[in-house]
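Okay, so we've got a single protein chain in two different forms coming up as structure tokens, structure 1 first and structure 2 after it.
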Structure 1
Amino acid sequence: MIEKFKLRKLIEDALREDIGSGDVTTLAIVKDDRVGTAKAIAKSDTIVAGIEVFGEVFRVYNSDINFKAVFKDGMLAEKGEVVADISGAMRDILTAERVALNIFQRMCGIATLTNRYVDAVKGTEAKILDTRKTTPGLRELEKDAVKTGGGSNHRTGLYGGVLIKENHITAAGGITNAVKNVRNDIPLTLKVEVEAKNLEEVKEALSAGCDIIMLDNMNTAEMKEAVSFINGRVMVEASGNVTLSNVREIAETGVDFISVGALTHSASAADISLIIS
């Protein structure tokens, strides 16, 4: 989970971006300190993710706003169900509404899509992973949402592990040189993963002494052949062109991990409305 001070800064920046010099609409309409209530309602079935972040946006804007979560992260909210109750100064609820919903809808959408992928591979040994294809500034929240949906996190950033990709291999003059160079330069605790696009590169990566091999954009027949050749000597990840329609077939090739960029770069925001009452 994102650290409290980082979350607060993220929210403050988002509110500042949206409000600027002031919420001219709300200030013109609500000219007093009247108190109001609001309900956040799921407009379609969704896995709840980031419910505390949702509430924190209102609290950062006005600490006197009361927020009561009806659902916990990871729970399924069905269409029409109330996921949270908010009460406090009407002006402040209205002003903070959009930022709060933007973050919450985003996280719920990611968790819901992730859950669909996890369900699709149920019964296999494959784990669904996210990638670094995240919204700048929101990575930790988006990766938290992936976990809430039942997925697992790949490295959080470039500092989290070695992933030697096609351009690194070209720059190093080959897989063997690339693995040798990083082994000479990194702590022993860091794992080394190598991207391979065909069986010859799989063989070279294995000989070079990597810890994980990523099968990049291979078809399932090629994946099966690669998994058979590797034979459990290192972990295997499948990546590239993964969809809900083919993820099960990929999982059944025997790979250990399936990374899905779509979890964060293509998830639709959950349909959630805030209704003032």
Structure 2
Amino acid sequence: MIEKFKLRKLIEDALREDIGSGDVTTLAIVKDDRVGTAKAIAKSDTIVAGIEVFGEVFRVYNSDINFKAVFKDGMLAEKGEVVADISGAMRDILTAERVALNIFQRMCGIATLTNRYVDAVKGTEAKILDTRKTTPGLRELEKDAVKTGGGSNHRTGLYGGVLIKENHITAAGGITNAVKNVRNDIPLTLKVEVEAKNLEEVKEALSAGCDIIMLDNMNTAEMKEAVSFINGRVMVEASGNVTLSNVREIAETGVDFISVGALTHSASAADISLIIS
């Protein structure tokens, strides 16, 4: 969950990017003392995610603005429903509106897309996992949205876990060596995952002593074979070219996790509007 200082800074930077030397329109037209209320309305069905972040944008810009969430994170807001009420200085609501929506619509979009993947594998053991293919600066918000949508988080960044990929294996002269080098060097509390592109590599990774094996771009037949070989000794993640059409088939191979880059790099923004009343 994004830490509060970081959230505040992210919001301040976003407001600064949009406002710059001033919201010239609103400053010239809307009087300083005008107050009012606004409703955030879902324009199509969406899983709500980041509702408190949405409110925080207004509060960061003007701590006297009153924000009341009608929906909680994880709930489904149907088209036309009010998801939040905002009231206070009209000037500041208008000025902060676009930034607040830009963040919130993105988070809702990600949660909604994640939720479709989660639904698609319902009944299997597989969990939907995010990746590091996130928007620069927004990783933690995007990963929060994935969790809100029912998914799980892979490592937060390069510092948060070991993932030994093909290039690392080549550089180390083999999986066994790579795992050994890592074990001697990393903080005690990090797990080691190895990317394997065939059963051979799965076997080597397993005997090298890793904690997680990633089946990289295998077809489902190969995945089944790998899962059966591993047999619960370590966790198994499927990765590569996962879509809503094939995710269930992958889940049914028995893998523990399925990672989907599209959750964060290609989700459409949810359609949400602010109506001033």
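Numbers follow structure 1, counted from its first residue as 1. C-alpha atoms forming the largest set that superposes within 1.5 Å between two forms make up the rigid core. Since this is a predicted model, take the numbers as computed values, not measurements.
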property: Selected structure - the one that is the form predicted in complex with another copy of the chain; result: 2
property: Yes/no, Pro187 Cα shift of 2 Å or more between the two structures with rigid core fixed; result: yes
